[in-house]
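Consider the single chain below, provided in structure tokens and representing the form predicted on its own.
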Amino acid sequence: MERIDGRKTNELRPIRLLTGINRYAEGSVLIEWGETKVLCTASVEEDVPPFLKNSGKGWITAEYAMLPRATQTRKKRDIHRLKLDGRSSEIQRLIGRSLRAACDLSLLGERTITIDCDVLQADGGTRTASVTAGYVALALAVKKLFAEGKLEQYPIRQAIAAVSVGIVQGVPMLDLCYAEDSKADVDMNIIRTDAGGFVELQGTGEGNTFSEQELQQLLDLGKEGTQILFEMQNEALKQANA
């Protein structure tokens, strides 16, 4: 089966990670993943939520939003509804969970790092792009804290990256763009650590069920894709520190 953009079934879209985009944030990354573009900023606050007061532990959380014209038709800002829509709420919780898996929160001290993920343009995979770039923004913020002597030990334990996989017209494939995702029989997001563990699997038979063999094929594609993403994250961090 020939894909819409001519890629192989195990091929990622072109990806760029541009660091230092925001002069004020402790860490910032613009990720361009195919036609999807997400700006991720990491902000450090010397405070923690009430449930962590006097615990000695820090916290990592995330916020996610789409700009009104990130999609083909204008999406009203959440302020018009006076509440966050369900999809955005679910995605930002996923990002927060994923990035907390990167750190030993007991080494972060009683401070909060918030990762803001703002989708400038969407063509599928905005949550996986947010997790992948969000990790780089987090790592930059933590490095800054460490360099300033605010951390006694480096708290990041492992890198985190995410990618989508799916089955389209019976064919398992890596990194679905919107046109593929919208007609996929099976859609899955895979969040992994560079140590080989899984943080989260989100898989749904949208138009059909899938077998254990197909699940394994999707997991293998996800592993292949995230390995490439880990290399890209490392390279972006090296360039930022050069």
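Each residue number is its position in the shown sequence, starting from 1. No experiment lies behind these values; they were computed from the predicted model shown.
Absent from the display: the form predicted in complex with another copy of the chain. The rest refers to it.
Shown alone, this chain has one stretch from 146-154, 132-140, 67-75, 162-170 that lies within 4.5 Å of another copy of the chain in the predicted complex by heavy atoms: 67-75. Contact with another copy of the chain in the predicted complex, defined as a heavy atom within 4.5 Å, holds for exactly one of 9, 22, 227, 234, namely 22. Put simply, residue 216 is close to another copy of the chain in the predicted complex: some heavy atom of it is within 4.5 Å. For the chain shown alone, residue 46 is not a contact residue for another copy of the chain in the predicted complex, no non-hydrogen atom being within 4.5 angstroms.
Taking non-hydrogen atoms only, residue 42 approaches another copy of the chain to within 4.5 angstroms in the predicted complex.
Among residues of the shown chain, residue 107 is not one whose heavy atoms approach another copy of the chain to within 4.5 Å in the predicted complex. For the stretch 103-130, the set of residues having any non-hydrogen atom within 4.5 angstroms of another copy of the chain in the predicted complex comprises 114, 116, 117, 118, 120, 121, 122, 123, in sequence order.
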